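A lone chain, given as structure tokens: the form predicted on its own.
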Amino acid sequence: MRFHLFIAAVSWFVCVDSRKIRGISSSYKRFYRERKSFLCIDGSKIIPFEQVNDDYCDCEDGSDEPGTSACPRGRFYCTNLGFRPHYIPSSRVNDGICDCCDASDEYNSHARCQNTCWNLGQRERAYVEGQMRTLDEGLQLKQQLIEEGVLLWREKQAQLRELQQVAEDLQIKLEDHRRRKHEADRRKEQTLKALEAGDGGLRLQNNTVSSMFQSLDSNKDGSITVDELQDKVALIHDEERSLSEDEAVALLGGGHQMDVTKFQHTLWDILTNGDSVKIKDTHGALDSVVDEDPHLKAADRAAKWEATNLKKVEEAYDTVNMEISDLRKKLAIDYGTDWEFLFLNSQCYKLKVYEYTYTLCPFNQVTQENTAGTEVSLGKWGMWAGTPKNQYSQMVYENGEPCWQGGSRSATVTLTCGTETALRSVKEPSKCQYIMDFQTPVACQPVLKQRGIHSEL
């Protein structure tokens, strides 16, 4: 009889001990050491130690019932040996549903739970190992891209210096050609004045008057009409606007037509002074005069030659300055601490999602194109918008095309570590607001390798 009582007592103490420590993590065991009384962890109450895990809630914070479902604010600790431990609400203890992979939450229910922690841990360990292999390879590729980025940055800087030197050389040429054109125009003007002042001056003037009159007399009937003036003459300060009928009549001396004699003494002076009106195209009238004198012809040819050369140099100078401006804008962008993101500039990455094709051109823009070929801008490069610890983890593209609900489209691009550079996913969680997952080796961070992926396996 005494033996049976001894066995029962030992069994009772074992049950009490297991009941006391059930649902507690190793870091909390210091609060549950065997003693006469138990202090609630929030310090609000002291109870007899026998009341811990007695399936009755005594502490407001639920700390006296870590292994039962008695307290509404309680938490049960799943040890999950071989996998990740975690807490579950104490209301799930013995509810007939297996929440802990080690089945420890259903110790007093009819649920037949299997311990699946080892299999789960094995799968997670394989996943973590795969992630670490990807991280290792990604970091190696990132280092290569950093080295390429530094070289590319130096090349861009050298290119900028070369373009600036070319611009300086063209500036000197531009000033020289402007001077030469000015000299050619001056010689042409002097030749023309010499002809006017000499014996042929009157003949030249008469021929010039006659040529200009004929250029205005479109129907060659010997008179200039209102319609012909409106067609051939323009205002100096508003060339695009046609003369009104009243303005044309005023130029014709109040009438509706004018012969060559009246033209020579009235309208000729107005047109040659060039104060208010001019002929839209005077080449035909002047060319006939130029062709009559070899000196004037040579001076005119030289002036045209210098004007052509000047235009070529001006175009070259403008082109080089545009290239300098574009290059400066590119170099002003933040490409990372080691210029690792520089290689993404001038690249574009596409992804087809259902009927849409999305194109991400880093540091430029994001677009969406449907099957009909209609392209919509989802935003232009805005800024880096990552966390303080890693500001280069997210890009923002803003001020896209207007959305029908108001506002403009925008896209947020999250950069993730991978061995390839590719656009992986596109979603539209809210109207006209897009989120994208962009994978690239330059997003791999050494800190991930140092910290690893937290797992209590």
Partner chain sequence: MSLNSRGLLAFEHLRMRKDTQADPEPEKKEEADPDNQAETAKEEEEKVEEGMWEETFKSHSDGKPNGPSSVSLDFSLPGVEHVYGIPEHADTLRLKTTDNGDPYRLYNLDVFQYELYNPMALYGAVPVMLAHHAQRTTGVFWLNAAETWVDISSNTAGKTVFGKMLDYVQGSSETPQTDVRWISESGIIDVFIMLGPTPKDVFSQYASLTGTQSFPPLTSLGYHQCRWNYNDQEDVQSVDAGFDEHDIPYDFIWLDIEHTDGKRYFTWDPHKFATPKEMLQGIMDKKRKMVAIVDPHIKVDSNYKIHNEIRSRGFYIKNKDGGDYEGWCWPGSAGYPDFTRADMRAWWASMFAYDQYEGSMENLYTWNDMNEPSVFNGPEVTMHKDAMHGDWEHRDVHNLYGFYVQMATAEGLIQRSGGVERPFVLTRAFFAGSQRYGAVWTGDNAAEWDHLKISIPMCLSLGLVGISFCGADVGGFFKSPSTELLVRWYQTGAYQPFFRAHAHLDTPRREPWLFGPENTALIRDAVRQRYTLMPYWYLQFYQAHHTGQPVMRPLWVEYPQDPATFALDDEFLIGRDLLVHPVTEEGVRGVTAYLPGKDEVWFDVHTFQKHNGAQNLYIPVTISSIPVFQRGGSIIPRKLRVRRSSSCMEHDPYSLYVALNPQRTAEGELYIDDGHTFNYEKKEFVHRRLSFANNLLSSVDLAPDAQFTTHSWIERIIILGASKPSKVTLKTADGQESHIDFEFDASMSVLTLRKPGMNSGADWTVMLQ
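All values reported here derive from a predicted model rather than from experimental measurement. Numbering follows the first chain given and starts at 1. Take the two forms, find the largest set of C-alpha atoms that superpose within 1.5 Å, and that set is the rigid core.
As for the form predicted in complex with its partner chain, it is not shown, yet the points below apply to it.
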{"item": "Candidate from R35, K389, R30, K431 lying within 4.5 Å of its partner chain in the model of the complex - any heavy atom", "value": "K431"}
{"item": "Contact assignment for its partner chain in the model of the complex, among S223, Q368, N94, T79, heavy atom within 4.5 Å", "value": "N94"}
{"item": "E168, heavy atom within 4.5 angstroms of its partner chain in the model of the complex", "value": "no"}
{"item": "Its partner chain contact in the model of the complex: S69, any heavy atom under 4.5 Å", "value": "yes"}
{"item": "Proximity of P89 to its partner chain in the model of the complex, heavy atoms at 4.5 Å", "value": "yes"}
{"item": "Partner proximity in the model of the complex: D326 to its partner chain, non-hydrogen atom cutoff 4.5 Å", "value": "no"}
{"item": "Segment that reaches its partner chain in the model of the complex - one of 403 to 411, 35 to 43, 390 to 398, 22 to 30, heavy atoms within 4.5 Å", "value": "403 to 411"}
{"item": "Heavy atom within 4.5 Å of its partner chain in the model of the complex - qualifying residues of 345 to 384", "value": "Y354, E355"}
{"item": "Shift of Q51 between the shown form and the other one at or above 2 Å (CA, core fit)", "value": "yes"}
{"item": "C-alpha of G130 moved at least 2 Å between the shown form and the other one on rigid core", "value": "no"}
{"item": "CA of S91, rigid core aligned, shift of 2 Å or more between the shown form and the other one", "value": "yes"}
